[in-house]
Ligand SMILES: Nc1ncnc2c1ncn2[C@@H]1O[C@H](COP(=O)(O)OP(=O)(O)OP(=O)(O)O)[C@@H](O)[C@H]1O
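There is one chain below, alone, in structure tokens, taken in the form predicted alone.
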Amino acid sequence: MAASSEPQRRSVIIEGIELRLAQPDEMPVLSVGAESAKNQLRACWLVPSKSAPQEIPLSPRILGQPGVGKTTLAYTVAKEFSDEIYIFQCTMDTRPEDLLVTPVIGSGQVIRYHASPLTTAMLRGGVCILDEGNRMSEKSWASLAPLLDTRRYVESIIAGIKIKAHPNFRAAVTMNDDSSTYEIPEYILSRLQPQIKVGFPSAEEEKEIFRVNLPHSDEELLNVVSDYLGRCHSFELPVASRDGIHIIRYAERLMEKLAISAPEAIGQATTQIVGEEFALYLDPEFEPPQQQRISLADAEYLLTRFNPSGRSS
């Protein structure tokens, strides 16, 4: 395996095939709170100094409602283990070649092979976060089976090569606690262990999340939306910190553009972002009748209805 001398186009040679490598990802904000989940992830990626030579890092799956910060949490911990973090967004259309190596026809009709973020992390000894893994089909997951056990390699049918993972390579998969596009096969779930669950943050953690993401926002707005999210959490509604950040950002713009009051702006922003049903919980006195309390599954349907573009972690 020989490294290219071109700094702007990183590449490696494997079995005579040149692979152009992906660039690592950067996230502007790190995770706040959730120390228990962070410590669990650290334990998964830690290789004890007295372990057997064949001991490898674990590849856990991180579970939680959309918007609770699973990807940010994984990225934050990953920065403690490597300078190179790669995030691969999984979708229902993800193919095995998307996960591993993609052929691209360049100038002169020459085929060039591009390594995915996952494959690049394998080769560079970085960390890869497979985001929303429960969106992928079994065919795509099957291509990763040997990587997720002690074999630690993948085989690219497209390039005709076997790629072995660097000893320092680590991986984690985030999954939303909602109806997935595909059922993940048991032989893959048995490799994605353990489960790490990320719940809604506490009131203080929620406010700190807002302060970190919205450092110039009015403290009153932060408090109002934080209290609103707390009420949503108490009724188990899937309204997360990310929704709160969107509400505050949009409310500030409405106040400036329309010259309306903060309560009006928050009410309009909440209605447009999470829907009228959930906006009712802005009222501290509001409490739905017992027979009208909705389940998490019904709540997910309502959010999908009002936000058809989808919600990621």
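Bear in mind that the values here come from a model prediction, so they are computed numbers and not experimental data. Throughout, we count residues from 1 along the sequence that is shown.
If you look for the form predicted together with this ligand, you will not find it shown, but the lines that follow are about it.
S.K.: Tell me the stretch among 158-166, 211-219, 143-151, 120-128 that has any heavy atom within 4.5 angstroms of this ligand in the model of the complex.
M.R.: Answer to the contact question: 211-219.
S.K.: Quick one: in the model of the complex, does every one of 24, 104 and 116 get a heavy atom within 4.5 Å of this ligand?
M.R.: Judged in the model of the complex, none of 24, 104 and 116 sits within 4.5 Å of this ligand.
S.K.: Contact between residue 207 and this ligand in the model of the complex at 4.5 Å, heavy atoms?
M.R.: Judged by the heavy-atom cut-off of 4.5 Å, residue 207 is well away from this ligand in the model of the complex.
S.K.: So in the model of the complex, does any heavy atom of residue 68 sit within 4.5 Å of this ligand?
M.R.: Yes - in the model of the complex, heavy atoms of residue 68 and this ligand come within 4.5 Å of each other.
S.K.: Using the partner position in the model of the complex, report whether residue 270 sits within 4.5 Å of this ligand, counting heavy atoms only.
M.R.: Result no; residue 270 lies far from this ligand in the model of the complex.
S.K.: Residue-level contact is defined here as any heavy atom of the residue lying within 4.5 Å of this ligand in the model of the complex; does residue 242 satisfy this criterion?
M.R.: Yes, contact at 4.5 Å.
S.K.: Consider the chain as shown here, without its partner, and state which of 32, 255, 58, 279 has a heavy atom within 4.5 Å of this ligand in the model of the complex.
M.R.: The residue from 32, 255, 58, 279 that makes the contact is 32.
S.K.: Can you list, in sequence order, the residues from 132-169 that come within 4.5 Å of this ligand in the model of the complex, counting heavy atoms only?
M.R.: Only 132 sits within 4.5 Å of the partner.
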